[in-house]
Every structure is written in C-alpha cells, then in structure tokens.
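Take a look at this single chain in structure tokens; it is the form predicted alone.
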C-alpha cells in the first residue's frame, strides 16, 4: 500500500478497538472472534437492532457515508474493516488516510463493479469467462448474437442472483425492456460457462505479505443462493493447485490485507474465476468448526498485524445455509450430534433470507 496511507507495522495489543462497517451476520461473527482475542469492536450500521450489535461492544447508528460518524470511527478505532462490499467508495477513501483500513480501498472499488473486476483479473493473467459491456438494448442484442446467449448482470449491487438474467440463446424480443427489468445499469454480458462444478477459496494475507489459503470448497446453489459448501471438494489436484496459485496472485496484486472469498468455475478446459468478495465469505463458514483457525479469526489476525493461523482442516465438513423458517426449530437441527448450529440473531425471517447455518462434521478422508 502507499506510504501515505495509514497502516499497521506492529501487532495491535489486546484491548485495541476494531471498527467494522456493516452490522450483518458477518460482522456479528467477526466481533465474536475479535472478543476471543481480547479486542473491542465498534459497529457502524444504520439499523439499530442489527445482528452485529448483539456481539460488539458499541454501535454508531448512522449511514455508511455519514462524515461525522466516519470521523468518530476513525478517532475511536485502531483499525477498520468491513463486512460487505458495497461500502461507499468515498467512505473508504476518507477512512484510510486516517486509520488503517483492511482490506484496502482498491479491493473494495474493484469488486464493486463487475467490469473493473474482470478487467483487473484479466490484467493479472487470471482466467475469466468471455464478456462484453452492455449499456443499451442494441449492445445487448449484439452481445447475445456474439455469444449465442449469456448471463446479463448489472455491474453494481447484484448478489444472491439479484440483478441477473440468463439467456440460453441469442433470442431477445425486447432488449430495452429486458435491461429495465434486470435492474439499474450499466451491465456486462458473460458468455455461458459449461462448468462441471462451482467452488470457492477463502484465503488471507497479512500486512507483511504472509498468505494462507483454506482448502477449496465445492458449492451448490439454488435460485441463485448458496445452499451448501462441502470439503473435500473432489477437485483434481491440478485444479486445487491452480486455484490456490490464483488466490495468492490476486491477494498480492491488490496488496490485500485480510480474508478474501474467490468463486471459481471448474470446466473441461480448466478453471475460471467468477468473482471475488473482499471480506469473509459465506462459503467459508465450514472453517469455523473444521479448522483450527476459522476464517473470522484469520481475518482478525490479519488486520491486527498478528501471525496468521493454520488453515489446515481436521475434519471433513458440509456447511448448509438455513433459509427463512428453516432456523426456527434449533432443537431439531441439533438432533444430529455431529451438527454445529450458528444463528444470526435476525429478528424477522423471510423466504430465501439467510438466518443461520449448520456445519456437519465427518471424519477426515483427505482432499
């Protein structure tokens, strides 16, 4: 990172304060891990009864771009991180000149825009699916004809399948209406990928450049939402090695500090990166019970200047997201003694909303 930006050169002492932008379940679990290591946490989140406020020491109830709130966070915290990637870019710029910000603003900015993300990956010699930019209905028609179909995505603010539309062929009767229905533009159209599996890597990098990768997990999605992640993934050894190499290249290329989640496609011709998230990741929840060091503790270690923990796993694991009312009967979920349940403290459930997850541990069988 630039010498003009605040950074950490020595490990933070217990009792130091970590600022977390965002009050969702990831912030909640980060705060819990921080407490185990003796750190205090301060949450910036406009929702007063947010999940993270239940485990943090303090909350600033304000918008993510509230200048007074950002000034207060910078004054009270020794390091600041975030638990979601749609933090306003201006907020990150303002913070990182005063207090160490991890991951860095460049990672946030790059991941917020699918076009910038793909361009960065290409420039880093990291393989991605062919894509075209789309701003108009005419450009959509041309891109569909070039690819014979594709996946239309908004460049910003899409998640869990939102802001996306799949075309199995080049046919599109009213491209302008399709763009209006998909969400606010601009857009990218990605060529459809004939993949054998989807998998992800959760990895970490320290302030001093130390890198640790957790084992890739095979992911299964339903209606655009991650349903389960499984380790071992069943990937071939070459694909495992290539994916870990890509993770290291990406972390070093961004001069990254903290945990990152990278999603991949496994194809007959090799692996492709789908996208990355500059934060702890849903597909890494299995690390909480199957590894000596969870992704949440690893993130706290990294951003506080502490040595990274072991990323080795001691068990096989299947992580399943609990959606909507699936988390309402915790006793039934825990009937299997191998199952560990984590609930997110959300007051209201609704269809498709992530309310918690469970990890089912199994004896270690290898990779």
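Note that the structure is a prediction, hence the values are computed from the model and not measured. Residue numbers count along the first chain shown, from 1.
Another form exists, predicted in complex with adenosine monophosphate (AMP); not displayed. Remarks below refer to it.
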Using a 4.5 Å heavy atom cut-off, which of 174-182, 258-266, 290-298, 100-108 contacts adenosine monophosphate (AMP) in the predicted complex? 258-266
Checked 96, 206, 274, 233 for heavy atoms within 4.5 Å of adenosine monophosphate (AMP) in the predicted complex; positive is 274
Given that adenosine monophosphate (AMP) is left out here, which of 198, 78, 85, 215 has a heavy atom within 4.5 Å of it in the predicted complex? 198
Heavy atom of residue 74 within 4.5 Å of adenosine monophosphate (AMP) in the predicted complex: no
Taking adenosine monophosphate (AMP) as it sits in the predicted complex, is residue 221 in contact with it (heavy atom to heavy atom, 4.5 Å or less)? yes
With the partner left out here, check for me: in the predicted complex, does some heavy atom of residue 191 sit within 4.5 Å of adenosine monophosphate (AMP)? yes
Would you classify residue 133 as touching adenosine monophosphate (AMP) in the predicted complex, given a 4.5 Å non-hydrogen atom cut-off? no
For the stretch 92-127, return the residues whose heavy atoms include at least one within 4.5 Å of adenosine monophosphate (AMP) in the predicted complex, in the order they occur. 114
